[in-house]
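Only one chain is given next, in structure tokens, and it is the form predicted alone.
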């Protein structure tokens, strides 16, 4: 059993060591990896408008990006790579609710410009280096 002063020393020492590790990892992430992996030079006005559309329509209420969001609808981090521009534009501009595999997608009926902005946003997201996330499925026949 630790005495009161030993417990205090143990707590303060652990707090200081943990905080130092946190600061070191934060500095490493911000100075080295994150800017290179996110390709900030590719952020255009279209990508930013697409992000605003994503947020204002609460797409994260059903979908996930980078593993964050709801799990009702598909993960969209690499959707541009998987589906392509034509498919995405058809879904985004549809005036009818769309129900693949029994899950209903709201018919937002975006304009061509809004759909293009969202597609550019998804394309930019798909080009972010996520260190192998989401993993490629192991499909062996």
Partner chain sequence: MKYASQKVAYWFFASAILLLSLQIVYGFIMGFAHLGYDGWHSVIPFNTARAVHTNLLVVWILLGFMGSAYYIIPEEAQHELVSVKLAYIQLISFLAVGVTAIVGYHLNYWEGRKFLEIPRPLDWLVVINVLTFLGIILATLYKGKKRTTTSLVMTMGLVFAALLYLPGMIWFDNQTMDSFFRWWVVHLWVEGVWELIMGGILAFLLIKLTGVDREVIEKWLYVIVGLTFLSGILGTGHHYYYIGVGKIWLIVGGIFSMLEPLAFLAMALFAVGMYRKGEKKHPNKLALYWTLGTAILSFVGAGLLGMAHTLPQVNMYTHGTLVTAMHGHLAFWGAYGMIVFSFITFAMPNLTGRKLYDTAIGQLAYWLTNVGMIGMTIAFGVAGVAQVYLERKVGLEFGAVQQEIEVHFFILILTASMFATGILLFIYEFFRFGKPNNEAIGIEE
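Numbering follows the first chain given and starts at 1. Since this is a predicted model, take the numbers as computed values, not measurements.
Keep in mind that the form predicted together with its partner chain is not shown, yet the notes after this line are about it.
- Although the partner is absent here, residue 89 sits far enough away that none of its heavy atoms falls within 4.5 Å of its partner chain in the predicted complex.
- Its partner chain is not drawn, but in the predicted complex it has a heavy atom within 4.5 Å of residue 129.
- The closest non-hydrogen atom of residue 61 lies within 4.5 Å of its partner chain in the predicted complex.
- Mapping the unseen interface onto this chain, residue 83 counts among the residues with a heavy atom inside 4.5 Å of its partner chain in the predicted complex.
- Contacts of stretch 70 to 86 with its partner chain in the predicted complex, defined by any heavy atom lying within 4.5 Å, are made by 70, 71, 72, 73, 74, 75, 83, listed in sequence order.
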